[in-house]
Structure formats: C-alpha cells, structure tokens
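Shown here is one chain on its own, the form predicted alone, set out as structure tokens.
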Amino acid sequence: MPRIDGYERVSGTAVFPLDVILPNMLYGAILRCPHAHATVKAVDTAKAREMPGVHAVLTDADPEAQIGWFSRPGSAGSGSPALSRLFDPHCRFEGEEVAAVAADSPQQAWDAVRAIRVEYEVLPFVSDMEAALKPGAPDVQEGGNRMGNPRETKRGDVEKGFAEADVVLEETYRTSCDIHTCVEAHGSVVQWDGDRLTVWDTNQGPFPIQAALAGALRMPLSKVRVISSYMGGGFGSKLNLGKYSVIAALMARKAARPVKLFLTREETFLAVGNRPAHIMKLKAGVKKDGTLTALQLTGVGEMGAYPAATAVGYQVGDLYKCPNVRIEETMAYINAGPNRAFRAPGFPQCSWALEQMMDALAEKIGMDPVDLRLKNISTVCQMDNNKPYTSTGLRECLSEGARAFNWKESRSRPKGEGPWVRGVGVAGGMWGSQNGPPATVIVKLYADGSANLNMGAADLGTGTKTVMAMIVAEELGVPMDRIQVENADTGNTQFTSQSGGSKTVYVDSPAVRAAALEVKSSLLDMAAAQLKVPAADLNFKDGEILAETGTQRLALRDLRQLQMQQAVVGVAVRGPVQSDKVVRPFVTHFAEVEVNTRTGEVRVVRMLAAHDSGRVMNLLTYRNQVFGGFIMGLGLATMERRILDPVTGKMANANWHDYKIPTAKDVPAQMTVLPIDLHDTECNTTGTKGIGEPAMIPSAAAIANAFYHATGVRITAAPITPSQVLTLLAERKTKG
C-alpha cells in the first residue's frame, strides 16, 4: 500500500522544519572553531553587532549563554550531569561552537559571523585512536584519552575453548568513521509566545527533545512544545538535542523574534555525529565438525572529543552458539566531532569482523560458509542469562535465503579469467536492542465512520504513519482515505520515546491496535444495548455491526448513542514487554560482486536479504527499508570514510563532493527481499520485531566475503577502495 502521505512528500506540500517560515523571522548562524584543538582567549563581536540586520549576538560572555549543557551519551534525555558549556572556551574539535548571530537574512548572519574576531591558542591534537591511547599523547579530556576502564563481557573459559579447538584463527579488522549525511540538515525554528516556547525541529522523537530542551533552559515541560511531523532523515543523528536548538531559543528570546537556525552541509559533517571507527582484534576457535569453541574480541572504539557509546561486541556474544566468549572494549577520545547512534550502532562494525572470521573458519575446515553458520544456531539469548527467544529465524534466513539466491550453484560457477572476476558472499546478523514502552495512543471514531489516529511517533521516512493507519483501518473497517493521522507534536499528540533502535512498529503498533480495539468494544456495547442482545453475539465488520445470526444489522449512522455523542475514543498504553523471553530480529544477506583486477573497481551486482523481522505490515515500506539498508552497507563496505588531515587535524572531505556515498549508479541491479515470518505471537500483539537496523547490519560483511570469494584476497579494513584492492592483489602476486 502506498504511503498515506506520499503525495505530500513528492509534491513538496509536506512542511518539514527546514520549510518553516514565520512572520518577522530572523536567521541564525554559528561561528565554529576552525582548529582541531584550541582554547578561545578572546572574542571580539563589536563589528558584528553593528552590522546591518543583526539583532542578536551570543557568546560565552553573555549571561544568556551561562547554562549547563545537558546530554546523556547516546540519548536525548535530560537530567544527566552537565558535560560541557554551551560555548566552551576549550574547543576540542574542529566545528565546536564559539559564538552565534541572528540577523534579518542568512547572508547578513553569515557576514556577521565572519566579522567576529577570535583569538585562539592552538593546542596539540590527536586524530588517531591508536595514537590517542599511547603514552604522551595530547589529552583530549582531563585525565587522558581513555573513557573509564575497558568494558568486559565474558562467559566460560576462552583459553580452554581455544585448547579444545582444531583450528584457531586471529585477525584484526578495521572500519572507518562514517557520516550520516541526512538529506535535511540539522536545525530548528523557534518562537516564543511570552514564556512559552514552540520549536519546529528535525528530530527522531519530539518528547525526549522536549525534555532535554526544557532541562537546558530550566523550563517546565508544559511550556515547551516540539513539533516534528515531517523530518528528512536521521539514522540516529537526530535522536539527541542539538546545541543549535538551545542557541536559537536563546537568540530568539534575546531578539524577541522567531529564529531559524539550520546548519550548513559542511557543519553537519563536523558537529552532529558519526558512526565511529573501530579496530577489532578477533580470535576464534572451531572444531573440524564446525562447532565453535571460543570467541575473543578486543576492540577499540573512536568516540570523538566527548563521551559516547561505541560498543560493538554484542553479536560476538550472542549471534552464534559458543560456550566460551570474552569481549573487551576500550573507548578512545580523539580531537574530532563526537559520535552518535548510526543505524544499528556497533552492529555493522561487528558484522564486518565476525562474519569475515566465520568465512575464514569455514574455509580452514573445508565447510560451506552457510553450513558453518547453520551448525551454530542458538535458540536462547546467551547475553541475557540464556533466556529463550520468542522466535529465532536465523536458520530459516540462512537456508531459505541460500535457496532463493541459488547459493550452491553461484559458488560453483567459474569466477572468470580477468580482468573481471566474480564471487558471492553471505553474512548473518541480528539486532540486539529492542527499546520498550511506554507509548500512548488515542484512536477516535467519528459519527460518520471516519477516524483520527493520535500518536507521538516520528515518521523518519519509513512509513510509520501508513503502517499505523493500516492497523486502525483493519480493526475498525475504516477506509484509509478516511483516517487522519496526527503525529510527533508534544503539544497535540501522546507520549512515546524517539523513533530509533527499530522500535517504532514493535512498540507503538500494539498500542494503536489496543486503542482501536477499545473503540470497537465501545461500539459493540452501544449496539448491544440498542439491539438488546449480548455484546458477545455481535461483530463489527466493514463499518457495520452484525449479529451472529445475520438477521440483525446496524450501520454506524443508525447507532443512536454514537450519533448522540458524535465520537468514540479509545486510549491505550503499550504494556510491558516480556521479561521471561527475549525479542530479537535476525537477518542473512547474500551478495554477488564483480572485481576488476586491473583497476581495482568493485561492483555489487546482486543482493538478497532474508529477514526475520516478524509480521510484514506493509511489504512496500518493508522492502524500501531493506533496500536502504543494502545501500548504506554498500557505502560502509566500498566508499564512505571521514578523512582527517594528519597535519592539521581538520576534516579533509566535509562535503558531498569529497565524502562519497552510493548513488543510483552504484546500486545493485538486482535486489531481492525475502521476508521470513515465523508467526511470532509472543513478541507483541501485532507480531512485529523491527526492520530498520537489521536491514543494514550484515550488508558490508556479505560484500567483503564475496570479494574474497572472487579474488582470494581478504580485505580487513573498510572501505574497500581501488587503491587498496590493487595493492593487495599486487602483494599476493609477489608472494605467489
């Protein structure tokens, strides 16, 4: 079913925060530190304040800016310790905020920003996580560049497991730092009405943003309204409150006029998040029959200049059955922008290492890569006290995916003589975080049979509004074109947490269904009183209430109590998730690649995704999510990476010209989605488990394994670039 807001999106009539224009509105711009590490010694704004059109200038010296900055690492919540000031004189990365201006036009605002004179003391920097952990490295944070003690997870005895193995392999894998590059840049439009603040903000959940903004400004929640009915991509980077929103609010209050502050494309590359780079040393043991005996991961994650979550080891501990596991992860500060959640944070990096290792083990013991994975399926969550899963579809994803991909035949086909050679690869995965309730939904059925759905969930472009409207339509028999959806507005809709972690359908759809069922129950009670029959003998179908005998039929227009009160309202709160079982989506991706051994070019020509994500609510949007995951995984595998100049510490490719992302010409010609629905009735009342994150997790690893199958060369560092390909092929030729 097409999206209910599809016309608005493609016609330009949908109003995104970037589109909002208010009467008498000013435009904001932020002056950012041009150095990787520096201290602000003095800021001279005199010239900027006198320039035409300038109505507000904000620096650390202004009383309005003297607020604590609240941000819990990895979330948008408030109430955590203040991590930095709004304008911190100690600038720890290129792009950190120094001052801001609001003026009549964007051009005047930027002219004023350029007129501000800043005296910096440039400090030594470190832009590499390995160098940051060495003795004598410049300190990014007081106390050194290691965030606390290494995180350790273990079970069994890995040394015993390695001793029992017939084959033990060890390899170091690396992934690069990738940028979200959302189509709609980060930003806000803010307006004060007395002591009430309204914010149109591009974010993934207005309620946590409301809480964080109210905390930063020391305001009650009731006086802060955040609206985000449309937003142009987030991928995790818009889960957090941005400093730009606080700055815009302060300047709007200072100027007594609305302020629009959206970042430039270049700013978004520097200051609003990334997928951090990782180094993962993985050691694995296996018996000749394919039984895993031990897995040990030692990882280092690149946080940037401030605390953030970078853990990658979950799949090592849970995806495959293994009695002996040890995971140790270290978080390193460097002088660069802090990371934020990025579509399955940590999991694509882990897949890059674990799934290549699984293939290497399979080759060493002479087993098919699919068969090795099938040998080690777990039906319990090993990372959660061996609780059983509500359903485990990894086996079906592997076996049915292999059949649909023609895996055996594809692997046995000739690889080619050159310069083009071909190969196929497989990678498994899982998503290990299912955020839970609460979520409140209101469904209202009007006397004419039309309906209103009121929910707080943001629609990131994933089709959330369409899926939720379909649930109401199914339960109440209301045509889709007669359902109005209100969403993502803290002033008019109901609370839910942000849309992230593949939780929106999993958490919110049961609340939608329950609210619709409450409406249905009320209608049946009304009809039972009017027809003088038990409500249990009645059924609601296609907008009419029918008696079991079929002799009595009551249209909504003839339901007297409904016509009298004009509407029936159902309110539902998402109940608690299962505590004795664990809900997890599973996935397997297959890839076919072609490699030019003369130029180093890599083409991904075919991909297939088998997903156990529960019930498919809408096949069109489901497939779109998987295609998007394919393409992001393709970017991680073959082209995307942040480049920091080792001489200056500055980002060398902070634009869409030099930072490469996949375009239409890079997308595989053949992409297939194979849903695996095990009819899970325990995960929730709609049978859904989430698709957004799993769609990306194993894509890059499947491409890397296909590359190895084609060339016989293992690439352990992402992205796979032509220069790297040619270097490794030349080394193999020299050794051979």
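We number the residues from 1 along the sequence you see. Note that the structure is a prediction, hence the values are computed from the model and not measured. If you superpose the two forms and keep the largest set of C-alpha atoms that fall within 1.5 Å, you have the rigid core.
Keep in mind the form predicted in complex with another copy of the chain is missing from the figure; the text below concerns it.
Chemist: With the partner left out here, check for me: in the predicted complex, does some heavy atom of Glu8 sit within 4.5 Å of another copy of the chain?
Modeler: Flag for Glu8 set to yes.
Chemist: Do Gly194 and another copy of the chain share at least one heavy atom pair within 4.5 Å in the predicted complex?
Modeler: Flag for Gly194 set to yes.
Chemist: Taking the shortest heavy atom distance, is Thr551 within 4.5 Å of another copy of the chain in the predicted complex?
Modeler: Thr551 lies outside the contact set for another copy of the chain.
Chemist: Please run the contact check for Asn596 against another copy of the chain in the predicted complex: heavy atoms, 4.5 angstroms, yes or no?
Modeler: Because no heavy atom of Asn596 falls inside 4.5 Å of another copy of the chain in the predicted complex, the answer is no.
Chemist: Can you pick out, from Gly233, Pro437, Gly290, Gly317, the residue that has a heavy atom within 4.5 Å of another copy of the chain in the predicted complex?
Modeler: Answer to the contact question: Pro437.
Chemist: With another copy of the chain left out of view, which of Arg174, Arg114, Arg151, Arg482 would have a heavy atom within 4.5 Å of it in the predicted complex?
Modeler: By the 4.5 Å heavy-atom cutoff, the listed residue in contact is Arg482.
Chemist: Looking at 341-349, 216-224, 127-135, 395-403, which lies within 4.5 angstroms of another copy of the chain in the predicted complex, counting heavy atoms?
Modeler: The contacting stretch here is 216-224.
Chemist: Report whether all of Pro23, Phe207 and Gln566 sit within 4.5 Å of another copy of the chain in the predicted complex, measuring from non-hydrogen atoms.
Modeler: Spot residues vs another copy of the chain: full contact, yes.
Chemist: Does any residue in 470-505 get within 4.5 Å of another copy of the chain in the predicted complex, counting heavy atoms only, and if so which ones?
Modeler: Sequence-ordered list: Asp481, Arg482, Ile483, Gln484, Glu486, Asp489, Thr490, Gly491, Asn492, Thr493, Gln494, Phe495.
Chemist: Taking the rigid core as the reference frame, is the Cα of Met526 displaced by 2 Å or more between this form and the one not shown?
Modeler: Comparing the forms between this form and the one not shown, which are aligned on their rigid core, Met526 does shift its C-alpha by 2 Å or more.
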